[in-house]
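Next comes just one chain, in structure tokens: the form predicted alone.
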């Protein structure tokens, strides 16, 4: 897939505030599965604003966050500074530029909802050569389908179907991505990894946050953090769209509070 620098144009400032967090058990799960002890290095590919990079850096001697979007890298640096994390190196580059831009070895290479943006098989094969023996490739993401939904803590769910309809109202029926349309995956993520030297990944789940609460601005930011609803796509109607979403949300919850359950955290783990 040809990279378009406008994929996430204007989205970086919304990402950390608008995206629901991964399971609070993610670090413990990875530490246990991979016997992480503070040594070795982490490479987080397609790191965005460093969601995984910042969370996992303390489990390693050093970490690298790699992303082609300079605004995402800037947000990652800012998050690391705010949390006094000093062992992360930030690199602006594409996954397809590996290994030259960030040579190994690495104990763990992660993709947090970013693997499908890459030339999956080619990138996984490059990563295989960069991972030390016994190390791993991990794909992390949210998975709600087929997972047990926890009981509602009270506030209403985010009306995603209605907001998606508003996105289509402003941007048309075809899902956008940068200057073109959203990519279509030829293979599932599992099948793509399974077709490489890593072999079939093992799928593990870490329990999601059952009582995650979101306010109206967080929900708006969540949509602006998506490639298919990035701010630049709306042009001079961006505030009109945001105001219409806010009004819809106020109608659904006068208190301005919503329960969000994006699912459990799915970890696809493939070892070398």
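Numbering follows the first chain given and starts at 1. Bear in mind the structure is a predicted one, so any value in this text is a computation, not a measurement.
The form predicted in complex with a small molecule exists for this protein as well; it is not shown, and the discussion that follows is about that form.
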Heavy atom to heavy atom, is residue 72 within 4.5 Å of the small molecule in the predicted complex? yes
Heavy atoms within 4.5 Å of the small molecule in the predicted complex: does residue 124 have any? no
Any chance residue 128 has a heavy atom within 4.5 Å of the small molecule in the predicted complex? no
Taking the small molecule as it sits in the predicted complex, is residue 46 near enough to touch it, meaning that at least one heavy atom pair lies within 4.5 angstroms? yes
In the predicted complex, which of the stretches 172-180, 79-87, 112-120, 192-200 has residues with heavy atoms within 4.5 Å of the small molecule? 112-120
Under a 4.5 angstroms heavy atom criterion, identify the one residue in 51, 245, 64, 233 near the small molecule in the predicted complex. 51
Identify whether the small molecule in the predicted complex is within 4.5 Å of every residue in the set 8, 22 and 95, based on non-hydrogen atoms. yes
